[in-house]
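Presented as structure tokens, the chain that follows is alone, the form predicted on its own.
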């Protein structure tokens, strides 16, 4: 099929690149990115598979666009606050976005043709760290450390068998404790009982760990250095 013919098919189907990417993200959210195919996407859009290639050249091109869609949803570190507050807001936003799109966790750092939102995000993060007084090398270390923490936590969180403190308490008391006889697992039994009784919320672990990471990075910067692009 010629480019003109693909353009006509796409026009007849009412397609646009945005619609193609949004539908691909919706399918990946529901079924996982491993199950996503151009043929499946075309069926969901009510179009012929060939018509999609007018908007995305390949499956890799589609993945680039999908990851760019995810980066677009993540809040950029604001410029009007201190670096720790800015990076905290960005990390919290990234965690929330990845909770909506868990399929993206393993793809965030894999794109060799990043889109505009991806590049804007990375520029803003680097600028925040450099303006805070981190050298190029230290800013790179900080970026790797923060991203590893966010992605790792998001990946672990996506596989947990509970979402809330109440659900954790129910599982701890009804599932974990019966498997932890105190004479054999005294510390695990104690932990499960105490945490369930205290209303422990695993979601709070994210900010606990994030604040430790940010505090550890603080001494590595030179706060009085004035930097310009």
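Every value quoted in this text rests on a predicted model; they were computed, and no experiment measured them. Under this definition, the rigid core comprises the largest set of C-alpha atoms superposing within 1.5 Å between the forms. Residue numbers count along the first chain shown, from 1.
What comes next is about the form predicted in complex with another copy of the chain, which does not appear here.
Note on the partner interface in the model of the complex: the residue among 197, 49, 188, 44 having a heavy atom within 4.5 angstroms of another copy of the chain is 188.
For a residue to qualify, one of its non-hydrogen atoms must sit within 4.5 Å of another copy of the chain in the model of the complex; all three of 136, 144 and 160 qualify.
Another copy of the chain in the model of the complex comes within 4.5 Å of a heavy atom belonging to residue 140. With a 4.5 Å cutoff on heavy atoms, residue 220 counts as touching another copy of the chain in the model of the complex. In the model of the complex, another copy of the chain sits beyond 4.5 Å of every heavy atom of residue 83. Under a 4.5 angstroms non-hydrogen atom cutoff, another copy of the chain in the model of the complex lacks residue 99 among its neighbouring residues. Per the 4.5 Å heavy atom criterion, another copy of the chain in the model of the complex is contacted by stretch 178-186, the sole one of 49-57, 66-74, 178-186, 36-44. Contacts of stretch 109-128 with another copy of the chain in the model of the complex, defined by any heavy atom lying within 4.5 Å, are made by 109, 111, 112, 119, 120, 122, 123, 126, 127, listed in sequence order.
Core-superposed comparison between the shown form and the other one: the Cα of residue 70 travels less than 2 Å. Relative to the superposed core, residue 190 undergoes a C-alpha shift of no less than 2 Å between the shown form and the other one. The Cα position of residue 35 differs by 2 Å or more between the shown form and the other one after fitting on the rigid core. Relative to this conformation, a decrease of 3 Å or more in the Cα-Cα distance between residue 113 and residue 152 is found in the model of the complex. A shift of at least 3 angstroms pushes the Cα atoms of residue 214 and residue 110 further from each other in the model of the complex than in the displayed structure.
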